[in-house]
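Let's start with one chain on its own, the form predicted alone, as structure tokens.
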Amino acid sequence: MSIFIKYYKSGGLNVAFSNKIWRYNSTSADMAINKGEEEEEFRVLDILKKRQRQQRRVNRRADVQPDRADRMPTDQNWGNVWPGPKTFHPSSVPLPLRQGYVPKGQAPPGKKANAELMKIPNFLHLTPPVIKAQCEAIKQFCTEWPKLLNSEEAIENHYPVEIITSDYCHASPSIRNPLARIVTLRVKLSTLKLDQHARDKFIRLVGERYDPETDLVTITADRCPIRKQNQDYVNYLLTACYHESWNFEEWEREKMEEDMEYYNWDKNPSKRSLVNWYLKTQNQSKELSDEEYSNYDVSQIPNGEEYKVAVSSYMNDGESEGTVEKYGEAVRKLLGLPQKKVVS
């Protein structure tokens, strides 16, 4: 290493300059000269040998301590390894999992450094043994299933109202699916124990929500943001329609037979004719009032109840092949005539 120094003396027009050069020799340079090497030669940095040493060290460490997935015993308790939902970790799963799109003819990427396995939610914590253990743990908080509820008919008889909801599992920033708020209530109209007036009024209140073939009333609510609110709303609608159907307005007393929405057999001349015919067959000639005709029990007339159902079905459901055939059979039974022969 060399140092160049330049200095001068002040005091006149003529300035005297003096230059001096000092040269310093390093210890390493002296050692290189002593070894017979040139002074200006640079040493080479050996990177390859260092990498080889590091690789040998890694290989030695891998031989001593294998991967965690390879060290797992086959009879271990998986619930302790993966107790709950979490991100996929390849070293904790001793399974050769593969996922990802590759060109045709190639195997999908393995579990090591696989971002596709970390994107989706996994259910590795819900294995059959873990589910069985969880069910055994919550049995102490459950009540025994009633022995009388051993069939679908018994369940429907004791619990006629059915609530239908749906749960969804999807990949989204929010765990709440908008469709999960929808609540559907189903109940058979025959289980509500309504009279003829209340049944007719209830059917008109619910409109298209009633299916006459299955006798089911279906009420669906989705206007509220939360499922619990929609469930309370459908229960309110069912309660309101039920109590409203039992209300009897004053103007309904003024309705004539022509104003009725349905055929009421008890208040029609058909019942009066049947009762008069039956009284004549019994040699009883007496006049009954309108109230007596209306309250007369036709079940004491042989085949009278079947005749009543056939006439009401013919008038309310309309004329069809089934209603006409049913009406003809009821009339033959009532009059004691032979049944119609079916020609094959």
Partner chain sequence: MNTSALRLVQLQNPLGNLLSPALASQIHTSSPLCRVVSGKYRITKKRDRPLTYEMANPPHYIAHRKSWNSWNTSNLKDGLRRSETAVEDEFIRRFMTGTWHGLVCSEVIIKRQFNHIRVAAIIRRAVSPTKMYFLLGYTEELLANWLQCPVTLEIQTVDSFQDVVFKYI
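Residue numbers count along the first chain shown, from 1. These figures come from a predicted structure and were not determined experimentally.
The form predicted in complex with its partner chain exists for this protein as well; it is not shown, and the discussion that follows is about that form.
In the model of the complex, does each of His89, Lys119 and Pro173 have a heavy atom within 4.5 Å of its partner chain?
Yes, the whole trio is in contact, each within 4.5 Å by some heavy atom.
Given that the partner is absent here, state which listed stretch (223-231, 89-97, 131-139, 146-154) has heavy atoms within 4.5 Å of its partner chain in the model of the complex.
Comparing against its partner chain in the model of the complex, the contact stretch is 89-97.
Which one of Met260, Ala240, Ala115, Leu126 is close to its partner chain in the model of the complex, taking close to mean a heavy atom within 4.5 Å?
Residue within 4.5 Å of the partner: Ala115.
Please identify the residue among Phe248, Tyr159, Tyr236, Tyr101 with any heavy atom within 4.5 Å of its partner chain in the model of the complex.
The residue from Phe248, Tyr159, Tyr236, Tyr101 that makes the contact is Tyr101.
Using the partner position in the model of the complex, report whether Gly79 sits within 4.5 Å of its partner chain, counting heavy atoms only.
The answer is no: Gly79 has no heavy atom within 4.5 Å of its partner chain.
With heavy atoms only and a cut-off of 4.5 Å, decide whether Pro212 touches its partner chain in the model of the complex.
Taking the distances in the model of the complex, the answer for Pro212 is no, it never comes within 4.5 Å of its partner chain.
Does any part of Cys169 reach within 4.5 Å of its partner chain in the model of the complex? Heavy atoms only, please.
Cys169 belongs to the contact set for its partner chain.
Decide whether Asn177 counts as a contact residue for its partner chain in the model of the complex under a heavy atom distance cut-off of 4.5 Å.
Looking in the model of the complex, residue contacts with its partner chain include Asn177, since a heavy atom lies within 4.5 Å.
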